[in-house]
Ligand code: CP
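Shown here is one chain on its own, the form predicted alone, set out as structure tokens.
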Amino acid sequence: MTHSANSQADRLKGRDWLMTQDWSDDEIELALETAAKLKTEFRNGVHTLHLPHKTIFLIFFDKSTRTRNSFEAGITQLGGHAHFIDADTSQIAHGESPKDMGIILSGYGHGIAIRHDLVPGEGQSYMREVARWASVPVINMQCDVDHPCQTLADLMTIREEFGKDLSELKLAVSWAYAPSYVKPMSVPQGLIMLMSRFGMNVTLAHPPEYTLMDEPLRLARENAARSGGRFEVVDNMEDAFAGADIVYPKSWGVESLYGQPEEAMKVAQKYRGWICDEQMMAGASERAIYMHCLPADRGSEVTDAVIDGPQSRVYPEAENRMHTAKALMALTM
């Protein structure tokens, strides 16, 4: 690492990772370079004990597979330790304040990571309140607005596939039908905010009820204008997929109906045809790759033929979740 990269890395110590928009392009570049190095070292059996004896607290208001395990495995490989905290079985459930928790956990360890994603208007503001009082870095493991750990791994995966110059690549971020539960809006919002910074042409597709929050849309437009890319919104999956190099179809909920899951699922039923199948993939570029943060609702969001097919990159994408989590912890803690 050069002297300038070292000094930049030093500046990231103690920094929060709450939204990708909070970090500069150079800082995100350093995170990606660090993740790539850690991935190579992991595959070669090299020990990377950058955080010996350090502790991170992982606070979950929602269920998790990849996020929890990428952080727990990642901190172990860095020489540290993770404490898993279920919000429902902690004093958070009895109303303990973000201030008290932020101050107290800061005195016990070296980092705090939070997933709070299911209620629009709550997660990001909760994390910022914890961060306001914490004296250690706070990492967003997914909130109502952004999923910055997922989208950083997505960007890493796209660059592994297409190289560092992403200008003129077309990314289709599309709503898709899922019958399982009302999923957060943070993944599509995170994608349009981050990918629009790198010169990509980002197309968002959704039925009329599924519009995203105003702020992510505003930032996506501004980022695209600044980077020389394009950002557009269409009302059908076919237009989004046309000529796309990366397709990312996934379900999310209607913002006004998150407290009314039965009503929300009734709306979704109207759009059962929004599925990523082989016919839909045929409209994309010949080199197109399929991505999804997982878990995908097989048979609803996507067919087995696509997610298990040669264009799918969901497993390398999931693998990169750990290496980007490790990079964020190593740089900030």
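Keep in mind it's a predicted model, so treat the numbers as computed, not measured. Start at 1 and count along the sequence shown; that's the residue number.
Below, we turn to the form predicted together with phosphoric acid mono(formamide)ester, even though it does not appear here.
Undergrad: Thinking of phosphoric acid mono(formamide)ester in the predicted complex, which stretch from 118 to 126, 83 to 91, 146 to 154, 131 to 139 has heavy atoms inside 4.5 Å of it?
TA: This holds for exactly one stretch, 146 to 154.
Undergrad: Please run the contact check for residue 67 against phosphoric acid mono(formamide)ester in the predicted complex: heavy atoms, 4.5 angstroms, yes or no?
TA: Yes - in the predicted complex, heavy atoms of residue 67 and phosphoric acid mono(formamide)ester come within 4.5 Å of each other.
Undergrad: Just to confirm, residue 28 within 4.5 Å of phosphoric acid mono(formamide)ester in the predicted complex by heavy atoms?
TA: Result no; residue 28 lies far from phosphoric acid mono(formamide)ester in the predicted complex.
Undergrad: Though only this chain appears here, would residue 323 touch phosphoric acid mono(formamide)ester in the predicted complex if you measure heavy atom gaps against 4.5 Å?
TA: Contact check for residue 323: no, nothing within 4.5 Å of phosphoric acid mono(formamide)ester in the predicted complex.
Undergrad: Look up in the predicted complex whether residue 265 has a non-hydrogen atom within 4.5 angstroms of phosphoric acid mono(formamide)ester, and give yes or no.
TA: No.
Undergrad: Between the options 43, 272, 63, 53, which residue brings a heavy atom to within 4.5 Å of phosphoric acid mono(formamide)ester in the predicted complex?
TA: In short, 63.
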